[in-house]
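In structure tokens, the next block holds one chain alone, the form predicted on its own.
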Amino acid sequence: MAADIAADDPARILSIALVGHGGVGKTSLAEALLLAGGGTKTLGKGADGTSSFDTEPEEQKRGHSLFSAFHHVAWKKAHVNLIDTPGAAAFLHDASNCLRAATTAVLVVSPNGETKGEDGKVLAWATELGVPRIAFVTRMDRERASFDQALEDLAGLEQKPVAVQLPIGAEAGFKGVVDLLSGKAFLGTAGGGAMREAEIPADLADEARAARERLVEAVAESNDELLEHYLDSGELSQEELLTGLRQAIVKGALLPVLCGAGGNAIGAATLLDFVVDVCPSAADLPPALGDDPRTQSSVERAPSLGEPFSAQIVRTVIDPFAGKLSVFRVFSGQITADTTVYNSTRQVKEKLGHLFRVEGKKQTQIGKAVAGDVVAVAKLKDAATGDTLCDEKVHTYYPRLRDFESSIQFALEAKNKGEEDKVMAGLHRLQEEDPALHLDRDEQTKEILLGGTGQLHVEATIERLKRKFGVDVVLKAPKVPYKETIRGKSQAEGKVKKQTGGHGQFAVAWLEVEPLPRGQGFEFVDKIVGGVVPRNFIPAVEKGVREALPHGTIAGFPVVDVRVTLFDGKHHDVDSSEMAFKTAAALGFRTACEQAKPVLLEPIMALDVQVPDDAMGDVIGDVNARRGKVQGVEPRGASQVIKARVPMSEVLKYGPDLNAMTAGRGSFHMEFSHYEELPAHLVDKVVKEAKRQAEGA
């Protein structure tokens, strides 16, 4: 198809990731872009199942994106990949991964003063990854829509927004945009997609002139040479303006702001014009930075066809029938089907089968992929999201994608007895698709533990488990991952002495335990002198301690932030063994911990709650009642963001409570912050519950 002609040239390949908080209209804009680019004949909608992006049943049920989706259009002889990312806080990890595939991130915002914490996060991630950024104010046809308010909100996100378009009309009267770069107006047309060129309305002429002057000044100030020329001449040529704006976008010096109404497909065509005419192509971006794993030296891979092939997997889709589909961004070189590549993350070779262009839920086979493009391959054996694929002779390794900690954990069990292995197998497959899922088994309670970035994340995973693998599970109350540590210093002897008819078992290990600073984990120190414990048995002592760490002395929770020193011991020339010293070490460690003032630690969450002004008092009072500590309050548009630290046990099911307090107008983001000592009056309750669960296992 036509798009693949441009897809042979990195200078004509652009990949835009639509990012922003949930419910702002990213998918509607993606559908409008697809319609404008001729990728579909009608404007798709998730509610009626016609969306090309929200294709999963879990998304259609909830009415918003849960997973990133890919498509593409041909525009002005360029190939434009479209990446629609989820914005719900529990699924932002997927947006973070797919930003790696983008040449430009398009922050989609509302014109009603509703920027949220998620917007700041994705902008920060894009900045960290070196992904250029622009913004699109959508839903300009809604009540109370204000382009000026949106610009003010964007400035509050520590950006330097500059309008490159102005809206024509407002609310229900919104009908098009003024393009400040070309000095022309573009009006929406019946059926959506195309835009009709027109003269700038007379009542907007002065405003457009002033806005263009601000744009020219902002571009000039972003470049010393342009600024000097601008101060001398008072103007920039059209070529200087476009080139300077592109350079400012690449540097992150400016955030160009466009506008439209995705639901009515107004502004989609002019956004595509701006992306192709102004935004950087793959060839305009700096080389990708990686390492050569064989020499441990840094390498740069330029986005050109002559470079060695290198790519990174940004998304994995698991289908129980079709198998695994790996979506990857090519950073350098080119690749064809049926080629052997090297997975430098796993240190294995992989044979690529057919290459595909992803088109929503469908795939179209292609012959090759070049630097800058985003394509997919099926059925890689060992590859996972974040892995680097490269030339098998010229190795490249790109750092893994961002790790996301679990903010909530559920215990689960198979609804039908005998399906436990099937549950675990299905969850392991879904983990390949979603690396933010954390799967574990509690050795004490024998429960399967599923952790995720939020309750919605876990619930959607369980629905997919049933749909894709045919197994039902029961979710139990979220488990709080308490830990144990010590406040004091203690010494204890661990001794094993057993005599049987043959060889006996003998080992003595004297251990000292002492606390480490919070977050330091575990440290083992060997202070044996004189051979009282032979060198070959000291690793067994450390192993015995490490195996005892997961089972604390108060309630069986893992022990953290402790230094263990082996300072004395005894052995027998015949009866001592690695097993004896491992057992002695575990006994000594447990005894020493019991004497070292053990305490329970509880996880503390960083909680950001965005609420309207009139609900702020109720929400702050509720945070205090949950043993939370408010760190501060920041204005954000017409809302307030309350920043707090709250024990995880108090906010396991915070969403419904917040909805009740704010009549559904509040939103929150929560992530793990640190551990603190559990207040003494709550210890008995936690200990009793832990024992009850252990006895019921």
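Just count from 1 along the sequence shown to find any residue number. All values reported here derive from a predicted model rather than from experimental measurement.
This next part talks about the form predicted in complex with a small molecule, which is not shown.
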Name the single residue among Pro558, Gly263, Pro515, Pro287 that comes within 4.5 Å of the small molecule in the predicted complex, judging by heavy atoms. Gly263
Just one of His71, Arg301, Arg315, Arg139 has a heavy atom within 4.5 angstroms of the small molecule in the predicted complex, so which one? Arg139
In the predicted complex, is there a heavy atom of the small molecule that lies within 4.5 Å of any heavy atom of Val24, even though the partner is absent here? yes
Applying a 4.5 Å heavy atom distance criterion, does Pro656 contact the small molecule in the predicted complex? no
Does the small molecule come within 4.5 Å of any heavy atom of Gly63 in the predicted complex? yes
Which one, 24-32, 645-653, 663-671, 624-632, holds residues whose non-hydrogen atoms are within 4.5 Å of the small molecule in the predicted complex? 24-32
